[in-house]
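The chain below stands alone and is given as structure tokens, in the form predicted alone.
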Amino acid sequence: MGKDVIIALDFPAKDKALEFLGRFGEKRPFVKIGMELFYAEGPQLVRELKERGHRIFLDLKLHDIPSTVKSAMAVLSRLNADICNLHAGGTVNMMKAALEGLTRPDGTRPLLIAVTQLTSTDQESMERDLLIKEPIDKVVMHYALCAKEAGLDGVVCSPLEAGKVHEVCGSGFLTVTPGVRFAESDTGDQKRVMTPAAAKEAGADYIVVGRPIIRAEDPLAAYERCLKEFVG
């Protein structure tokens, strides 16, 4: 799969999301539906955006016992999203169960990727709050290897870690990277960030961009800037 920019639809309701997408004319960008929008509008919005021609990253970050995650993934698989995800911290067994649930009777399924460490997490908070004392880079690589062992397609990671993930897990193992900002942008609550051009240089396969596009005065121009910097 080629590089692409995924727009995070970080809106509280369907009308806001559709109003935003209306500013793109005939373009149908790859979009991410996260917890806020999904919990507000439910599965029907995923179906509607798929019918409109959008590819969808369904970012719900499942993390529960293996049987529960397997059952939930079987339901999500029916929505025909392009990418689903979960937390790698749920263990290899949970990830394997998720893959089983996501796979349809005909053998097809969305891509499944695992969150390693959130891009809002830094070394200090990981040690203080999670009692994980290893270097964050080592933790991310271990989680990525666990995801590969479970048969997943890739991971969500910081763009700072994308190149190393490919070194450890292979060039075909996808890296989907949030924490992307333009050089002049406020980083907000993100700790481990890069510009689109730097993320491309680092080897990211997909970048997920929210505020720099959805809060831009001209979202289409901001999106096209991201495409130019990241895809070329």
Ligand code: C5P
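On a predicted model such as this, the values are computed, not experimentally measured, just so you know. Rigid core (definition): largest C-alpha set, two forms, superposition within 1.5 Å. Residue indices: 1-based, along the sequence shown.
What comes next is about the form predicted in complex with this ligand, which does not appear here.
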{"property": "Proximity to this ligand in the predicted bound form (heavy atom, within 4.5 Å), stretch among 195-203, 175-183, 22-30, 37-45", "result": "175-183"}
{"property": "Residue 61, heavy atom within 4.5 angstroms of this ligand in the predicted bound form", "result": "yes"}
{"property": "is_contact(residue 5, this ligand) in the predicted bound form, heavy atom dist at most 4.5 Å", "result": "no"}
{"property": "Heavy atom of residue 208 within 4.5 Å of this ligand in the predicted bound form", "result": "yes"}
{"property": "Residue 212 within 4.5 Å of this ligand in the predicted bound form, heavy atoms", "result": "yes"}
{"property": "Option touching this ligand, based on a heavy atom within 4.5 Å in the predicted bound form, out of 94, 112, 156, 147", "result": "156"}
{"property": "CA of residue 77, rigid core aligned, shift of 2 Å or more between this form and the one not shown", "result": "no"}
